[in-house]
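Heads up, the chain below is alone and in the form predicted on its own; it's given as C-alpha cells.
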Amino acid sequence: MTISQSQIIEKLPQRKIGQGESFLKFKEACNVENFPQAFADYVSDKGDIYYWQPEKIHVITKYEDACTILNSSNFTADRSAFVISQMPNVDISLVTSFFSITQKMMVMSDGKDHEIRRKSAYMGIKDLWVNSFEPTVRQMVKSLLDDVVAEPEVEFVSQIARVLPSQVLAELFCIPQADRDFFRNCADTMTAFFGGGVAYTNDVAIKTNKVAVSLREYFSDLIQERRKRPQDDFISGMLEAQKQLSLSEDEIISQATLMLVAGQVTTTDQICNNLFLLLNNPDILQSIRANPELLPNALEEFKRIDPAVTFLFRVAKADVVINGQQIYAGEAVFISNHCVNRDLPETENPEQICIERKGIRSFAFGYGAHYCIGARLGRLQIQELFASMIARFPNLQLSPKSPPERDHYSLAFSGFKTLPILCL
C-alpha cells in the first residue's frame, strides 16, 4: 500500500519550535571578534532543523539537509511572496517596478527560466574576459593603495572595500566615471530593501521603486547604445545571448541589475570580513608573509568561517518533510551558512581557522545550480587586493585607537560598517 505524504506528516512528532532573541538582534549585540562562532553556536544550539518563531522561518543548520533543499524541486528560489509577507504595512503597488525587475533575475528563477537566464549571464561575463581582466584589477588596487599610503589611519570600508567592487563593475558594464556613484547608491538601496535591511514603510518603498525605475531606464538606454556600438562588456555579451536564447529586454535588464547589486554589496562585505579575520590573527598573517602561496587557501578559509551571506533561503512549493520536520507549502527555509560551513563532511575541527586545509569548500558563494556566477570575478578582486596589501605594507594592522564596527544590516547579510586600519 502506498503511503501518502500527508499520512507521513500525520505520523510525525510535532515539529520542533525554536524561540529566543531574534537572529538579527543577536547579530547586532555580538562582540566583533567573537561574532562568527558565537552566531553559528546560537543558531545551531536550537537543533539541526527547527521552526524559528521570532522570524517565522524554518532554520537549517546541517550540510545534508541544506543540499537536499537546494537540490529539490519542492523548493523555489522565487522568494517574492515571502519578502512581501514581511512588509504588511507597505502598499505593494508602490514597489511594482522593483518586483518586476527582481522576479526575472536568475537567482529568483527555477527550472528552464533559471537555466536560460544563467546561460545568458555567462555569455555576458565570459571566462576569457575575466582572465584578461587581471591586470586591470591589479592597477585599480594599486591606485587605491597609492591614495591611502600616506594616511595615518585608513577607514578600509569606505576608502577601499566599497570602491574596488564598484570600479570593477563599472568596467564590466563600461560605465563612465561620472555614473559610478549612482550605481553604487542604487546597489545599496536595492540590497537593503530585498535583504530586510530597512524599515518597511511606504516612504522607503517609494524610494526603492524610484531607484528600480532609474536602473531600468539607464540599462534600457545602455542596451540601445550597445546595439549600435557593441563593446567587450556585459551588456554586449547579453545582447549576443538574446539572439540565441530569445531573451526579452526585461530579462537582460534584470540580469544586469543582479550583477550590479550582488557584485557590489556582497563582495564589499566579504572583503571586510576576510580582512578582519586576517588582521585579528597576526600569526596567520605572518604565515602568509613567510609563504605567500598560502594566501588563496586562507581567503577560502576566511569565507568558510565568516561568509558575507548569512543565510540562503528558499520557499516550499509543497508540503514536505526534511529530517523529520514538517514544512508546509509557502513556508520559508533559511539555511545558515555559518552552521553549514562548520558541518561539511571533510572538515576536521571546523570551528578553528586552518589555512592549510586541503580542498576547502563553503557555501559562501552558494551551492548547486544557483552557485554565484560572479564567484571568479569576486575571487580575483579579493586575491589581488590582499596580495598587494600584504606585500606593500609590512606592518599592516588594525587601528589600536579606533575599534571596528560590524554592520549586520539585515538577516541575510553581514559585513562591516567601519574597519580602521594602519597601512604601515
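Each residue number is its position in the shown sequence, starting from 1. The structure displayed is predicted, hence computed values, not measured ones.
The following text describes the form predicted in complex with protoporphyrin IX containing FE (HEM), which does not appear among the structures shown.
Partner proximity in the predicted bound form: Cys186 to protoporphyrin IX containing FE (HEM), non-hydrogen atom cutoff 4.5 Å: Cys186: no, not in contact with protoporphyrin IX containing FE (HEM) in the predicted bound form.
Protoporphyrin IX containing FE (HEM) contact in the predicted bound form: His338, any heavy atom under 4.5 Å: Contact with protoporphyrin IX containing FE (HEM), no.
In the predicted bound form, Phe365 touching protoporphyrin IX containing FE (HEM) (heavy atom, 4.5 Å): So Phe365 counts as contacting protoporphyrin IX containing FE (HEM).
Proximity of Arg118 to protoporphyrin IX containing FE (HEM) in the predicted bound form, heavy atoms at 4.5 Å: Arg118: contacts protoporphyrin IX containing FE (HEM) in the predicted bound form.
Options 134-142, 219-227, 252-260, 96-104; stretch whose heavy atom lies within 4.5 Å of protoporphyrin IX containing FE (HEM) in the predicted bound form: Residues of 252-260 come within 4.5 Å of the partner.
Contacting member of Val211, Leu312, Val320, Ala205, with respect to protoporphyrin IX containing FE (HEM) in the predicted bound form [4.5 Å, heavy atom]: Result of the distance check: Leu312.
Protoporphyrin IX containing FE (HEM) in the predicted bound form - contacting residues of 345-378, heavy atom within 4.5 Å: In sequence order, Phe363, Ala364, Phe365, Gly366, Ala369, His370, Tyr371, Cys372, Ile373, Gly374, Leu377, Gly378 come within 4.5 Å of the partner.
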